[in-house]
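To begin, one chain is listed below as structure tokens, in the form predicted on its own.
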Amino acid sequence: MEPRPRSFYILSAFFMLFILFLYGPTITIGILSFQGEGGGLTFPMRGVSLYWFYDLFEQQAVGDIWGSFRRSFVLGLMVMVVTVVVSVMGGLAFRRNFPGSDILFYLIITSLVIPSILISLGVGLLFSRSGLDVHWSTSGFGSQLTWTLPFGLLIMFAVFNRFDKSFEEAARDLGATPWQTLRHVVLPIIAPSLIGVALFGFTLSYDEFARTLLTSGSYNTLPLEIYGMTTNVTSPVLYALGTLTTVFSLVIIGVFLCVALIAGRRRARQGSDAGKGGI
């Protein structure tokens, strides 16, 4: 085996530093969340226990942790469903050029480059000046869609750009209606991408802070609640909350990956059965 060049070790060390910089804060918070009862917000550790995790489920003097968690979860589901549906519809629509398609595309992408706090300010002002209620389920929902929809649409544009239209043509030759072609041919093929769009939509919404800051009204979502607690809570219970939310996010990602794996295996099994039937 030839000896590795010096550049390999330099790049490996740089990559390890990058990983440490990326996950170091999360690991640090995870470690400090296991402080003993007399522990503080910094090192050194004063014992190791689950005290602050138990304390998290008690009535807190400051903040509405579980109420904000429920709001973030419901809002994430709402954003996820709308992002998936609109992204698929937009991807299908942009398969053919139509008047103004280029302008519409750039308008969609523009929301990604506008500062998030300006989006939040604009949506909040629009609702308040229109006499509409500024609430996490209305204005907050709309402002978050300006963040998730462009990502979902970009994914679906890439998927449909390399989609083999011969599958649809074969289905139509066999007498399938447009709806049957979409349901039984197109959607099963793009299902893994739909799962990716759903994951994008939920996680981006669940963690979003800036676009919800001025549009959530009187009730905070979880990121806003955590931010508010940083100025009042001086115990590791805040770290315990951060650890639990991180674990929850990883569980959500794992669930989506399992769904994608099951869907892929089912599609492979159906293809194998169809091949055997043809033989």
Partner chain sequence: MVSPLAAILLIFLVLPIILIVIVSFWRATEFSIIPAFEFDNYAFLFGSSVTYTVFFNTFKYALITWVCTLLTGFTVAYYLAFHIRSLTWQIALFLLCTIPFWTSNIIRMISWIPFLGRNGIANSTLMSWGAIDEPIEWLLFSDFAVILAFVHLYTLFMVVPIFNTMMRIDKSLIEAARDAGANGAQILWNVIIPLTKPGIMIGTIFVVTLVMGDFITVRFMSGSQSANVGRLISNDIALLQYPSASATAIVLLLTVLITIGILLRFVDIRKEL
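Just so we're clear, the structure is a prediction, and the values are computed from it rather than from any experiment. Numbering follows the first chain given and starts at 1. Take the two forms, find the largest set of C-alpha atoms that superpose within 1.5 Å, and that set is the rigid core.
Keep in mind the form predicted together with the partner chain is missing from the figure; the text below concerns it.
Between 201 to 209, 163 to 171, 69 to 77, 183 to 191, the stretch whose residues reach within 4.5 angstroms of the partner chain in the predicted complex through a non-hydrogen atom is 201 to 209. Proximity of M45 to the partner chain in the predicted complex falls outside the 4.5 Å heavy atom cutoff. Using a 4.5 Å cutoff between non-hydrogen atoms, F57 does not count as a contact of the partner chain in the predicted complex. Although the partner is absent here, L261 is not a contact residue: none of its heavy atoms lies within 4.5 angstroms of the partner chain in the predicted complex. Using a 4.5 Å cutoff between non-hydrogen atoms, G217 does not count as a contact of the partner chain in the predicted complex.
Residues are counted as partner-facing when one of their heavy atoms sits within 4.5 Å of the partner chain in the predicted complex; in 217 to 233 these are P223, I226, Y227, T230, T231, in sequence order.
Once both forms are fitted on their rigid core, the CA atom of L257 lies less than 2 Å apart between the shown form and the other one.
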